[in-house]
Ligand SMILES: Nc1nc2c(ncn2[C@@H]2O[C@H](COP(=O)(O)OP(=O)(O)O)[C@@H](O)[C@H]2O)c(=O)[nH]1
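As structure tokens, one chain now follows by itself in the form predicted on its own.
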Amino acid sequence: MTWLDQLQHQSRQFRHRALDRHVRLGVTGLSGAGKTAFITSLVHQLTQGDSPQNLPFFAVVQQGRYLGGQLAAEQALTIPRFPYEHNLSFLQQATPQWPPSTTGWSQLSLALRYKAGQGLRSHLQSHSELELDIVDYPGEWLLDLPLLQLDYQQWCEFSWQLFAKPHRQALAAAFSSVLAATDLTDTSEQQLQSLTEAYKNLLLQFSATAGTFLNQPGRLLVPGELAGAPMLQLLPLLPEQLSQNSALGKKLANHYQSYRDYVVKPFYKQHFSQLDRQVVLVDCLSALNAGAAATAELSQALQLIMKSFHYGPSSMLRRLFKPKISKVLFAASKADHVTPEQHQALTLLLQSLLRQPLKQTTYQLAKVEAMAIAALRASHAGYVELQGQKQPCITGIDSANGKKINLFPGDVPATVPDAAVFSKHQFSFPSLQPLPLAMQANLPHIRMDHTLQFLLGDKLI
């Protein structure tokens, strides 16, 4: 793209924002929360699944005013494109698979056309248009945002407090021994790389362990274009080593500062400071499966992350020069992994996990909604007869063995259970594969129409 093309692209976006015809949507969630599936489904519903039968609670569709959506042809060539078609192909196979996880940031732009339902535009224009930008990035990178509030010493202390938790302690012991035996006067490339590899292996073990959410720095796990960069030689020294004012400690502190200044801050400025609307996806069920410490860590991770965003009501000047997130949808993903009558409890559990962030965003006058959704429904709900009584159940394909299952997954607690409950009860909500799709079928979902109405309904009137 030439400088002239870039200027024209930026000029068009500025004009659309001035006319309130542009929305930048950020899809936020930790690794495994379902961001890729959510964006794929959202794009599909707006471009192919826009029928009243499929989206009954999306007002612009239900009123017959939605003319359709298309992937924008003019997305800047310098912006990585979200691989929508590639992701969709995984779901349309004879044996469907979940799309691969995100490994770098990307964006997808859509042009949505509709007939205005009120005002002068409804009489003077044949159609109106809304430009929608959807931003995606690895969940691992999201966890770096809290580093902006910590210096190197504080991060080391925070990390080792975290590593002392019951579900992390055993894995962290070997790395702790390596650090204890380290020569703090040695800042050679060989030692730095060796220690970094040891710490990266620890993070990989953590990320493979259910219920460990706060793994920092995220770029050690998903480096993207920074693979091999010296500033990724980064690890937390033991708290007792920090007071020694060592050469190695100073070197690592410099790397940490560089990482914050040249990776985390630009990442935030480029991808988050311009957001208008936000979806926060949370996998509550996997945390319950992993136990009390995991559920507490999920709540802690979400609270730390949400402090990094700016919320508040929108206005023309703010949209143009200092946008704030005016609407936030907190979504409990994988609602299809429980029976429908458990969805209310799942929503209440989400609110319990996010009590402080919900208060924060509401206080800042952003519009907030919480709901249980399934961007891509992977089960059918029904009933089985047991001892003469009907019992709710779901039918799906078990991810572990590819076999069909028909079961009641269990009750969802409406609040975060205390440790005593976890000690007596093991939650075991299933992991499901996507269901086969009929030819040209819409992607099945739960409440994606409610989601679209909350996020975009006020822009399509």
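Note that the coordinates shown come from a computational prediction; the quantities given were computed from them, not determined experimentally. All residue numbers are counted from 1 along the displayed sequence. Here the rigid core means the biggest group of C-alpha atoms that line up within 1.5 Å when the two forms are laid on top of each other.
This protein has a second form, the form predicted together with the ligand, left out of what is shown; the following refers to that one.
Per-stretch contact check against the ligand in the predicted complex, the hit in 47 to 55, 60 to 68, 27 to 35, 400 to 408 (non-hydrogen atom, 4.5 angstroms): Looking at the other structure, the answer is 27 to 35.
The ligand contact in the predicted complex: Leu376, any heavy atom under 4.5 Å: Result yes; Leu376 sits at the interface with the ligand in the predicted complex.
is_contact(Asp276, the ligand) in the predicted complex, heavy atom dist at most 4.5 Å: No, Asp276 stays farther than 4.5 Å from the ligand in the predicted complex.
Close approach of Trp98 to the ligand in the predicted complex, 4.5 Å, heavy atom: Yes, contact at 4.5 Å.
Close approach of His337 to the ligand in the predicted complex, 4.5 Å, heavy atom: Answer yes; at least one heavy atom of His337 falls within 4.5 Å of the ligand in the predicted complex.
Cα displacement of Gly249 between this form and the one not shown reaching 2 Å, rigid core superposed: No, the C-alpha position differs by under 2 Å between this form and the one not shown.
Rigid core fit then Pro236 CA moved by 2 Å or more between this form and the one not shown: No, its C-alpha moves less than 2 Å.
Gly211: Cα shift of 2 Å or greater between this form and the one not shown (core-aligned): No, the C-alpha moves less than 2 Å.
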